[in-house]
Ligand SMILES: C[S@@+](CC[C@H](N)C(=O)[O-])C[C@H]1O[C@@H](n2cnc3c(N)ncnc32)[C@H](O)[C@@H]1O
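As structure tokens, one chain now follows by itself in the form predicted alone.
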Amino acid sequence: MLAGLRDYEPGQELATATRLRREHPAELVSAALGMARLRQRAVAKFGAEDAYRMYFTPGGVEQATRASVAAHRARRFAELGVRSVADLCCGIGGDAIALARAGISVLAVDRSEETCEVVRANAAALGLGGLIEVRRADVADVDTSGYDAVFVDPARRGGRGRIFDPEAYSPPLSWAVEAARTARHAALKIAPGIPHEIIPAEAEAEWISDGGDVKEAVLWFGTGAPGARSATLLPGPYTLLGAGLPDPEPGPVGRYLYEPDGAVIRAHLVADVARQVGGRLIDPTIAYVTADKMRTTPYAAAYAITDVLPFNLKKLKAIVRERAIGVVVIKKRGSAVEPEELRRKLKPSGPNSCVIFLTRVAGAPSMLLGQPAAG
């Protein structure tokens, strides 16, 4: 039945359910339609080929690692010589699948029997059952000494949404760190907003973005790079390893403006991008880099700046009208102005386009106008 629901339209659910109930029990039809909806949601993370063969729970889809990110992590484990991993808090098996596809044997552990059954079903559906052992258990009771590495993905959502306190994760970050310290190699998946000051000194911290969106941070143990900070951009992959540089001195806005990737900003590596492009900050508190010459880097989007002005709505409206700007991309950092409200007030119309940056320059509210720079 599920195979026939691959292209089903949610807007036609009643008609689809009525048709299926002529041949199948109502409970089975309801379950199949629910799984079809979850598979459609999962395509963004797993791709159509896998998503339409896999099984999901509502929370599992939400919390599962994106396949591209999981594959990157699996490659890193493989490069460390890891052949077996204890995947603690495995969820619906996204990371276990990536690890198995990298040729690594996996013990997938979760305390939910339903989740464990989903992992078993996914391993079988993808032909990976021989590499993934599933165990229902409390992760604190699992002996990981027989494995080359430990991977922990604590639950970071509760009844009220996202959990921001690492000690409120399930299990807490402190427990995960101690588990990592007992293994030869380990990786702990954490929220990208983790304060740098609570990162253990012996851990390497990596922030990962995919397609320009920051997805997660990972604390690595046993990599031989304690204290390192890096930003990895997928699908490249491009990895920027921090050199411990101080923030560059701010200066006037030059011909080009660079917008660092979110993973770069989270990793506190804006200074490293500034060095790459020979640039400076536009303000001590703003993560925009400016330079007088164009230098291409995968770690920041570049824009050619045409106007640098104090923020003034009347002036901006006049520019948009005079230049027949109909397509406006509004970006902001350090500004209280809401982009959508501003867009309504500008009433853009015409054949031309413009990127507007609402920000601060040397502490003053400013507006920068420009276009994406040709690489």
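We number the residues from 1 along the sequence you see. Computed from a predicted structure; not experimentally measured.
This protein has a second form, the form predicted together with the named molecule, left out of what is shown; the following refers to that one.
Taking the partner from the other structure, the named molecule in the predicted complex has no heavy atom within 4.5 Å of any heavy atom of Thr285. In the predicted complex, none of the heavy atoms of Leu33 sits within 4.5 Å of a heavy atom of the named molecule. Interface membership of Pro192, defined by any non-hydrogen atom within 4.5 Å of the named molecule in the predicted complex, is ruled out. The named molecule is not shown here, but in the predicted complex it comes within 4.5 Å of a heavy atom of Arg111. With the partner omitted from this view, the residue of Asp213, Asp138, Asp247, Glu178 that lies near the named molecule in the predicted complex is Asp138 [heavy atom within 4.5 Å]. For the candidate set Cys90, Ala187, Leu99, Ala231, a heavy atom within 4.5 Å of the named molecule in the predicted complex is found for exactly one residue, namely Cys90.
Each of Gln63, Gly94 and Thr115 comes within 4.5 Å of the named molecule in the predicted complex, counting any heavy atom. With the named molecule omitted here, the record of contacts in the predicted complex names 170 to 178 of 193 to 201, 170 to 178, 231 to 239, 78 to 86, defined by a heavy atom within 4.5 Å. Contacts between 293 to 318 and the named molecule, taken as any heavy atom within 4.5 Å in the predicted complex, involve no residue at all.
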